[in-house]
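Here we start with a single chain on its own, the form predicted alone, put down as structure tokens.
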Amino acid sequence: MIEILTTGLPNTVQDLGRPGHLALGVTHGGAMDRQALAIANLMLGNDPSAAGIEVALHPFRLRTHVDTAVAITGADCAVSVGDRPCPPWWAMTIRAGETLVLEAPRVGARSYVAFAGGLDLPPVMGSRATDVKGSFGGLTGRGLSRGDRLALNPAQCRLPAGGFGAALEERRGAAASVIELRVLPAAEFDAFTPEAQAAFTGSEWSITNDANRMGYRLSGETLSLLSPLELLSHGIVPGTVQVPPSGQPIIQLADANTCGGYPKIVTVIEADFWRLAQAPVGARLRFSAVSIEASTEALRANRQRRRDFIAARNLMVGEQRAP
């Protein structure tokens, strides 16, 4: 059992989401930075889809009432267990009665806390992810509050003495002043003027205060259509970039609506979703067009890195068990 001591409603229970239900009007949901949550789980020997906590509002504090192990990934923030400071992207044991504290991020926006065995909550439509719009999943479909208590699944987790960390090569540039995102042209790309097409990839965009798990509204050049365009509402997915009449684009994210009628100019490739998840309000973005082949290769490379991490983790733990 863990007890929440300091939190905010944007902090929720998340896993890797509930794909396959868009036709029912149910969003994919799940962790904004799925890579970070998956790695946190793998550090503890969990299934990558085990439920953990997404921390979008810091500081965050919890107390554990049992001996267990935790892993913290995502944003680069100061972490401590009891009176022991811990590096970012670290897995460690935590004793009953000790407090875990995550301070405001130095770089990034969202932190992930995974627990050995994962959080013990009932799945809804195959997932424990919190859907705040639908008021289901997670902890009765809401954000976490002070005093909430969450049960853990039983687990045996072996870690080296003092714990261990992970370092992902692609995250080394996370502190860059401009976040680079790769995109594919969307269905209505050719409905925009050549000037709008060039401006989208040729200029910088800022994330406005109108930003949450549903989407980020951007500020920058005004994007214009060749002629007025009326569309019936149609399916959209995370990563879709829509352009409303204001000409200022909106990036759909994890809790995106399942359909919409605004024209779509591009789609951010899945391999770069984590970059969006770690982009705070005010961050500057720049987009670059890539091919479908490049998008597929980037996703394949991400999956290979996950397999490599599993192999390295198993080898390390195996060495620790060796006499």
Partner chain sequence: MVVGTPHISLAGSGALLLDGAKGAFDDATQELVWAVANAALSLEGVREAVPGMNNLLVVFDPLATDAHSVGGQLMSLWAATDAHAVVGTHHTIPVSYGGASGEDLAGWAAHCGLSVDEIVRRHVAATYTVAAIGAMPGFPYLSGLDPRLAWARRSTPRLKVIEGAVIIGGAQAGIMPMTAPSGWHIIGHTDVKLFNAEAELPVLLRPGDKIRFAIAGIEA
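Positions refer to the first chain, counted from 1. What you see is a predicted model; the values in this text were computed from it and never measured.
Unshown form predicted together with its partner chain; subsequent notes refer to it.
Colleague: To verify the annotation, which of these, 134, 202, 87, 244, has a non-hydrogen atom within 4.5 Å of its partner chain in the predicted bound form?
Modeller: Looking at 134, 202, 87, 244 one by one, just 134 meets the 4.5 Å heavy-atom criterion.
Colleague: Consider the chain as shown here, without its partner, and state which of 151, 155, 187, 229 has a heavy atom within 4.5 Å of its partner chain in the predicted bound form.
Modeller: Of the candidates 151, 155, 187, 229, 187 is the one lying within 4.5 Å of its partner chain in the predicted bound form.
Colleague: Within 4.5 Å of its partner chain in the predicted bound form, counting heavy atoms only, one of 262-270, 35-43, 276-284, 54-62 shows up; tell me which.
Modeller: This holds for exactly one stretch, 262-270.
Colleague: How about residue 234 - does it come within 4.5 Å of its partner chain in the predicted bound form, if we only consider non-hydrogen atoms?
Modeller: Output for residue 234 is yes: heavy atoms within 4.5 Å of its partner chain.
Colleague: Would you please decide whether residue 315 lies within 4.5 angstroms of its partner chain in the predicted bound form, comparing each non-hydrogen atom pair?
Modeller: Contact with its partner chain, no.
Colleague: Is there a heavy atom of residue 306 no more than 4.5 Å from a heavy atom of its partner chain in the predicted bound form?
Modeller: No - in the predicted bound form, heavy atoms of residue 306 and its partner chain never come within 4.5 Å of each other.
Colleague: Given that its partner chain is not shown alongside this chain, does residue 258 nevertheless sit within 4.5 Å of it in the predicted bound form, heavy atom to heavy atom?
Modeller: Flag for residue 258 set to yes.
Colleague: Taking its partner chain as it sits in the predicted bound form, which residues of 6-34 have a non-hydrogen atom within 4.5 Å of it? Please list them.
Modeller: Those in contact are 19, 20, 21, 22, 23, 24, 25, 26, 28.
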